[in-house]
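We begin with a single chain expressed as structure tokens, specifically the form predicted on its own.
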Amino acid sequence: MIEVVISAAVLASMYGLVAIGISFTWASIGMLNLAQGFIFTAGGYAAWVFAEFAISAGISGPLLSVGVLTFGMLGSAVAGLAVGSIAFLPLQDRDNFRTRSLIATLAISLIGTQVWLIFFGPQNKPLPPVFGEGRIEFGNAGISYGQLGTIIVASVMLGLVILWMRSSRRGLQMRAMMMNPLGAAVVGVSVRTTGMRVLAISGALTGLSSVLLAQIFFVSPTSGVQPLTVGLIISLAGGLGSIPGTVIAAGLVGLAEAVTARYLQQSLVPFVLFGIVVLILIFRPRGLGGLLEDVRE
């Protein structure tokens, strides 16, 4: 049972970063970013390119690990800005922005998969282990360095982003956009500048998730499909725009996937996840975030 809980925490950490990026984007600029899978893959390939260069140059150890994580986040942040330049800036002041941006980001996702296939081929690309290959044993269970590192790094990064949003001027502008975009624009907050900042930050979180997930699987042209699907499920279940709700939903979805894969079959995981989000939305149309708001009231 302990190993199931650990697996659930690891899954929640990786998929939760993607879901929070989706929620950030929706709450701030009203764009459901279906190109998040493309952004995810961009981070994985950026980390792989750096790793190949660093290993050939004789770089190893902590420097290699920090570089892989950093370049993964940078690659996805740049991809997020590229998506914003195509699907946000030209469409932000147009009618039906949400529908237009939805179609634009879907197109970017589909085209992006073919671009990765052309440049990197269909072969899977492995990333070096950034947390080492050891394992900590306790009793009849244990946790690997990779699992422990994933949970710690994801939690710390999310905590730093939330702290920055609460304490910095730029972060307060983001929070104002999330609460009331029109009111924020009235008091002088630049919708376009803040929106692009949101896309870069959500991209960086997604890039971190890409590197962490590649510790278990590999980087491939379609490696962002599964994280995008699960990220959307978590965002919907948590309530689009609700960060606390998204965190709770990530834990619930991670536990459901870990239990299903362990005691039933891996092939049943998608059915269980979609069943969870359907049940939540039937009884709580605003997701778990709406439930939290009702409790506070």
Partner chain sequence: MSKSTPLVGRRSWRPKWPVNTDRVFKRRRYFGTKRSVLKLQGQFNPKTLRRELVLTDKKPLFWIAALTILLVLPLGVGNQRFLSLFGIICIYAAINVMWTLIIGTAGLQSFATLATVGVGAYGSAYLSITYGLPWPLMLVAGAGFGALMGWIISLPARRLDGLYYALLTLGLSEFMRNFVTQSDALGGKFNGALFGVAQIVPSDLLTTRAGQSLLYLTAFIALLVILIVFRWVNGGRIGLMLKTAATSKEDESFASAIGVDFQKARTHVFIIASAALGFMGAFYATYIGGTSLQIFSLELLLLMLAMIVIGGLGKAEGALIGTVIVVGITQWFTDWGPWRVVLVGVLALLSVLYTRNGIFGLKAQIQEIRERRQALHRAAITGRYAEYLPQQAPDIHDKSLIVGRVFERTLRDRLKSWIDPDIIKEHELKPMGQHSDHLERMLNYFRKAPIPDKYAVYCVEPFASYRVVALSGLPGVPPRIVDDKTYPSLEEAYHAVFLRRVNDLRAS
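Positions refer to the first chain, counted from 1. All values reported here derive from a predicted model rather than from experimental measurement.
Omitted here: the form predicted in complex with its partner chain. The next part is about that form.
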Tell me, which of 259, 32, 54, 247 has a heavy atom within 4.5 angstroms of its partner chain in the model of the complex? 32
Contacting member of 180, 190, 99, 123, with respect to its partner chain in the model of the complex [4.5 Å, heavy atom]: 99
With heavy atoms only and a cut-off of 4.5 Å, decide whether residue 229 touches its partner chain in the model of the complex. yes
When the contact criterion is heavy atoms within 4.5 Å, does residue 266 count as touching its partner chain in the model of the complex? yes
Residue 104, heavy atom within 4.5 angstroms of its partner chain in the model of the complex: yes
Does residue 194 make contact with its partner chain in the model of the complex, using a 4.5 Å heavy atom cut-off? no
Which of 198-206, 140-148, 123-131, 91-99 sits within 4.5 Å of its partner chain in the model of the complex, heavy atom basis: 91-99
